[in-house]
Structure formats: structure tokens, C-alpha cells
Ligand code: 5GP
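One chain follows as C-alpha cells, the form predicted on its own.
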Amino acid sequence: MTRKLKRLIDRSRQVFIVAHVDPDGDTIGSALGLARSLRKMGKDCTLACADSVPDALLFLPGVEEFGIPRLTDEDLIIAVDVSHPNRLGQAYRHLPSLDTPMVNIDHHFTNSMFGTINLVRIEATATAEIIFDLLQEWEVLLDSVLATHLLTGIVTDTQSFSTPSTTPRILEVSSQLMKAGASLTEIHENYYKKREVETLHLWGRILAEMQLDDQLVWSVSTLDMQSRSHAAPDDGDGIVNLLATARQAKAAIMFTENEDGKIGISIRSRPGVDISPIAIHFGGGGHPQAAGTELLGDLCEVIPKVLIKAKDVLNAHDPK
């Protein structure tokens, strides 16, 4: 598989690298790292994402390159950390249907294998780990910027090495990235410890709306709450992890109202509780302990539907 990928890259001149919508540290860090590596190999690269990069990742070198460009003369498309074409967003979900070869590099077990070449390793902790292994195979020299990109993907997907997916091997990879110049302290500080006052105001409102329903905790971020906090919808990103710390709950769900009429749904759970079926049922995906999707509709319609499915999934884990 990796040999086929290398032959495809060797034949290409211009590469279109696309991250998933509602981008996180793994898709952005992996895309940046891959682009920097391919440029070292003499390739021209375009970086694309249908959504804007969140503020917490703006510290990454090169992140300003992301936009919503159109595919032009590129002869190779690479989707990074994308489990399904729907996760490419409205601007790019048509890419798999084009004649241009498409590579799908991912680690989600829900991946739909939509690429010409599918490099999907569900045992990998993060897509950044897969990119790291490719660079080792291709003998691309790590530098501090490249190492920072990849370590950001790992740190954010493991919540600073605290998730069940954290393996001895990923700690070894992270050690090598740190030796190459990546600063774990800088990544953790920028991603987890720097928030705007408006964001904290929104988080306060979200926590005030939190509800505990048996073994499920959930809350909302409405357009009105965002407006009163002078915050954006994505300023609520990350609070679902805080909700999931509720001792009485096995899972947490965050509902975020967006101006385009879609409701973003983020789901987290404790180790041993697989909540991915909830997201998959509604057209999303993710990991057993971290998944998500989005639905078109009003909060009053979406919330009950999702909660019913969530309770069914949780009861299946813990039948009464």
C-alpha cells in the first residue's frame, strides 16, 4: 500500500491536500506536516479546508495557507484524517467522484474507504502517527516545524496522552518529535490553556444549561448564548470534554447551533463505553470515546432524537 502511494506521489507534480470540516489538531497538523514533507520532495502543495481553522491552532506555522481553493491543475488529491466524503464539507465532498487520483489517509475505524488508495490504520493513535511513519519510510528529515505539526496532531487527539488510545509506541514517536525540536509545553499551552474571555463567558452559559439525564450529561450552545457572550459557535469547542468529567455520567453530548441552520453534535464517553454508534446513526463518525456529527434542523427537534439514540446505546452497554 505505501509503495503504491509513493509511486503515485513520485508521478505527481501538484498535490491538493484537504482536511475535514470542523477541523481539529490532528487533521490540521497532519495536513501541514504532509505538505511540508512533500515540498521537501519537490512537490507543489495546496492546503484546503471547508471550515476555518480554530483559534487554538493558529499558533502552528503555515496555518494561514488553509482556505477554500478550487481544484485546478492538481494531479493528486490527499484527504487527511477524513473518515467519509461528507466530512470534506459541501465544497469538497465531490472530490472522490473526480478522475483525479485520491489518497485517503486516516485512522478512524468508521472510514468508508473512499479513496483510490486507502491508507487507513485503525490501530494508529492519530493520523499524525501514520504521516510520521510515511516520512520515516521516505527518509524525509524531520525539522522543528514539521515535528511541531505532527506532535500537535498526537497531543490533541490523545488529549495530552490521557485517552485509552495512548500507547507506548505513540509515546516513543512523540519523544522523537520532541528531540527534533517540537515543544510539548508550547503545544499544550496554546491548545489547552489559552482562551479568549468571550469563550469563557460562553462556557459559563453552557455549564449553566447543563443537564444530567441518568448516565448522560448534555448541554447546548445556542446562537443567542453565543451572541450574548460575543463568541462564535466554535468557541464552545472542547467543553464537551469538561462535561464528560461529570462523575455521575458515562457520556456527554454537546449541541451547538450554527448560523447555517446546522446543529453540531460532539459526543464523549468514559473508557469502555463506545458512543460512536450514536454519531454513525446520524451520518457522522469518530472513535469509541470521541465522535460527532451535524444535523440540519432546530435544537428542539434535534436534541430529543439524539438523546433517545444515545440512551439506547448506553443502555446496550449497561442493560438494566
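Every value quoted in this text rests on a predicted model; they were computed, and no experiment measured them. Residue positions are given as counts along the sequence shown, with the first one as 1.
This next part talks about the form predicted in complex with the named molecule, which is not shown.
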Within 4.5 Å of the named molecule in the predicted bound form, heavy atoms considered, which of I28, I253, A291, L34? A291
Within 4.5 angstroms, counting heavy atoms, which one of the listed stretches 214-222, 79-87, 128-136, 177-185 is next to the named molecule in the predicted bound form? 79-87
Check whether P54 has any heavy atom within 4.5 Å of a heavy atom of the named molecule in the predicted bound form, and answer yes or no. no
With heavy atoms only and a cut-off of 4.5 Å, decide whether R205 touches the named molecule in the predicted bound form. no
Using 4.5 Å between non-hydrogen atoms, is S269 touching the named molecule in the predicted bound form? no
Any residue of 276-292 with a heavy atom within 4.5 Å of the named molecule in the predicted bound form counts; write them all down in order. G284, G285, G286, H287, A290, A291, G292
